[in-house]
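Take a look at this single chain in structure tokens; it is the form predicted alone.
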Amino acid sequence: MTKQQANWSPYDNNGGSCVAIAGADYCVIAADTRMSTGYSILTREYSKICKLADKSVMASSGFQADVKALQKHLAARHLIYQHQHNKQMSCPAMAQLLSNTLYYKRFFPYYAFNVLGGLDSEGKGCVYTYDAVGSYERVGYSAQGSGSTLIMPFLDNQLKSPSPLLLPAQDAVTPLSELEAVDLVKTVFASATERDIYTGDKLEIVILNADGIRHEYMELRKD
């Protein structure tokens, strides 16, 4: 009799794609609402976007149980911060907290791939992109998730971010207007949905600017 190998895993990948674009005075964060496992769709209406503070929004793909645990942890840490400092955490501070939180769990990581978007203390758009163990970078735009390999080359082609090796350092924010950025996000998701089976159903877009937060939705193909 052949010995059977146990192959249970504490992780799953629920698919989906996230995108964030920073502008001069705005930030656009978007994700689709499909949650899958293997070839099955678990739900077509799952939001991958979480508001962490008034000026910080996180979009996460990967294992959604770990994402939910991470969101709860960050919410608790932010509440403690508000009690101690009597103010909300800034987006750069939240970016560092997220990095520390992920790195703390590096030996049994949260299987979550995050983009954090918001406005910094000057009101300028900022986007931070992460790996699963907390390594992060401030960029002008980023994509994470199952469709990121399709979306990122498209964004590189359209936005041509300056190399981080240039001296003096170039500003990472994109030259697009808010309306153009939203249109670009809609285009990249429509295109990724055609090729990635884990991305689809509906697109949720969150726009942050000086006036606050606003939501937009667009239907994507459902097959």
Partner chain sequence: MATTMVKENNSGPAQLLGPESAFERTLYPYVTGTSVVALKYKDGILMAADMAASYGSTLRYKSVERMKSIGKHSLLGASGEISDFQEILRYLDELILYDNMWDDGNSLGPKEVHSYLTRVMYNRRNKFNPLWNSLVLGGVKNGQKYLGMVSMIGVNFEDNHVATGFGNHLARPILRDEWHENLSFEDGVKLLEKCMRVLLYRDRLLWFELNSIDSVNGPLV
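All values derive from a computational prediction rather than experimental measurement. Numbering follows the first chain given and starts at 1.
If you look for the form predicted in complex with its partner chain, you will not find it shown, but the lines that follow are about it.
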Of I197, L159, A190, A69, which one comes within 4.5 Å of its partner chain in the predicted bound form, counting heavy atoms only? A69
If contact means a heavy atom within 4.5 Å, which one of 40-48, 150-158, 167-175, 180-188 is the stretch that engages its partner chain in the predicted bound form? 40-48
Does any heavy atom of Y128 come within 4.5 Å of a heavy atom of its partner chain in the predicted bound form? no
D12 within 4.5 Å of its partner chain in the predicted bound form, heavy atoms: yes
Is there any non-hydrogen atom of L52 lying within 4.5 Å of its partner chain in the predicted bound form? no
Although its partner chain is absent from this view, report whether Y110 comes within 4.5 Å of it in the predicted bound form, heavy atoms only. yes
